[in-house]
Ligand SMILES: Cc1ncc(COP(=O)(O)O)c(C=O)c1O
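One chain is shown next in C-alpha cells, namely the form predicted alone.
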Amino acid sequence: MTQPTAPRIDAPRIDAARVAAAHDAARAAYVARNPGSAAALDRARRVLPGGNTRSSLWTEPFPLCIEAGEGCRIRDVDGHSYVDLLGEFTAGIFGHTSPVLAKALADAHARGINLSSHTPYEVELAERLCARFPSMDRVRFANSGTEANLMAVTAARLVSGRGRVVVFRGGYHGGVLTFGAGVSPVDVPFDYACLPYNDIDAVTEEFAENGADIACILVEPMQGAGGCIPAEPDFLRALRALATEHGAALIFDEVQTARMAYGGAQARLGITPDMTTVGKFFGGGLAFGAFGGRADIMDRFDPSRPDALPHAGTFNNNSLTMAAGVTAIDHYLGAEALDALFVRGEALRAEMTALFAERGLPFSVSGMGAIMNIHACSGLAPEVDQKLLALLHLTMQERGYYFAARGLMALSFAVGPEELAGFLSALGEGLDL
C-alpha cells in the first residue's frame, strides 16, 4: 500500500527565511486570537506539570482549551468553532455526541455501575469481538490500549518462556511501549529488538541470530503516531512466516487500525496474527482496551487453572464501558459503515495529494483509510519542514479546521461531504509565503 508522495518544491518562494517569517506571523496571530486558552494553561500549570497530563496534546505556543463539542464540531474557550478532523486521535469515531450511546450509558447506570461481580455485559461484548476477529478465540478486557498491549506481550513471554520482544522504530503501543526513536526511558524494561519498520531483511537477520529467544513480534499494521505509515503487505507476511517458523507469537496492535474493516486491517490484508489488541472506539467512547488471541495462549488466564496467570483490574468489566461497547458495535461499527469510512478517507487523501501537487505546496500525505498524516517535504532542512507543518496547522486552524500539530487526521462518522469540501477549499487557498 505505497503512499503517493508530493514532489519536493524548489521554487524560489520556498526558502527558509520566508517560511520562518510566515510561521512567526501565524504564531503571533494565534496567540492574539486565543487569550482564553493561554489563561487556561497558566491555571493548569499550578497543578499539572507544564499544565499537561497527556503529552500528545502539547503544541507550541500552547494548546487550545476545548470546552464543548457536538457532531464533528468543537468550540474553544475563546468561542471559536472548528470542524474536528482529528477525531480524538482516532478514538472519537462516533463524533462528539451520540444519543444512542448516551441512552446505553444511562440505562447501564440505572442498573448499577459497580456490580462487584461478573455481569451479562462483558460476555456480550466478548462474543461480538471474537466473532469479528478470527485471531481472537478468547479475549480479556482492560482500560486502555496501553494495558492491552502490555498484557499481550506479557502473556506471550510467560507462555513461551522466552524474553525477547521484537518491536519497530516509530511504533507506539501506549505510554510505556513507545519506540518513536528507539527504546524510550519510560518503556517497560523488556529485552527489545527495536528494528526498522518495513525492513524484511532486518527482521530475518534478528530471527536468524536470536529466534530461540524471541517471544513475540508486536507490530501496528499502520504506524499511527509514527506518521501513519502503512506496513507493506509483504513485510507483514514475512513477520507471519518468521513467527510461525520460530514459535513466536505475532501480535497485531489494531487499537487504531481496527476501523479499517469489520475484521480490522488484518481482514483487509488477509493476514491473521496469533494475538490482537484493540481499544478506543470498541468501548463506545470510554476508556477501554482488549487483548485476545489463540485459545492456548489466552486460556492461561483461566483462574480455575493451577498455573493461571493473574490479570486483575477493578474496571476491566465495568458495566458502563461494556454496555457502551455493545451498543457501539451494534449501532455504528458494522461492515458497511466501516467500509464507507475507509473509502471516504482514501478519497480525501488522494484529493489532498493532488491538490498539493497542483498548487506546488511542499506537503505529502500518508495513511490508510480514514487515518492519515500530512508531512512537510520542502527538501530544505528538517527545522524548515517543522516550521512549514506548524504553519499549515496554524493556518488551517485559523480557517476553522482542526487536526493534530504533527499532521495527524482521523475522520469520524460525523464528518460529511460538506465538511470535507470546505476543508479542501480552505487547503486550496495555500499558505502566505
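Note that the coordinates shown come from a computational prediction; the quantities given were computed from them, not determined experimentally. Note that residue numbering follows the sequence shown and begins at 1.
Not pictured, yet referred to below: the form predicted together with the named molecule.
Here the chain stands alone, but in the predicted bound form its contact with the named molecule, taken as any heavy atom within 4.5 Å, falls in 165-173 among 67-75, 267-275, 165-173, 133-141.
Site annotation in the predicted bound form: the residue of Met352, Val153, Leu125, Val255 reaching within 4.5 Å of the named molecule with a heavy atom is Val255.
Checking Gly325, Gly145, Gly292, Pro230 for any heavy atom within 4.5 Å of the named molecule in the predicted bound form turns up a single hit: Gly145.
Taking the partner from elsewhere, Asp84 is found to have every heavy atom lying beyond 4.5 Å of the named molecule in the predicted bound form. In the predicted bound form, the named molecule sits within 4.5 Å of a heavy atom belonging to Asn149.
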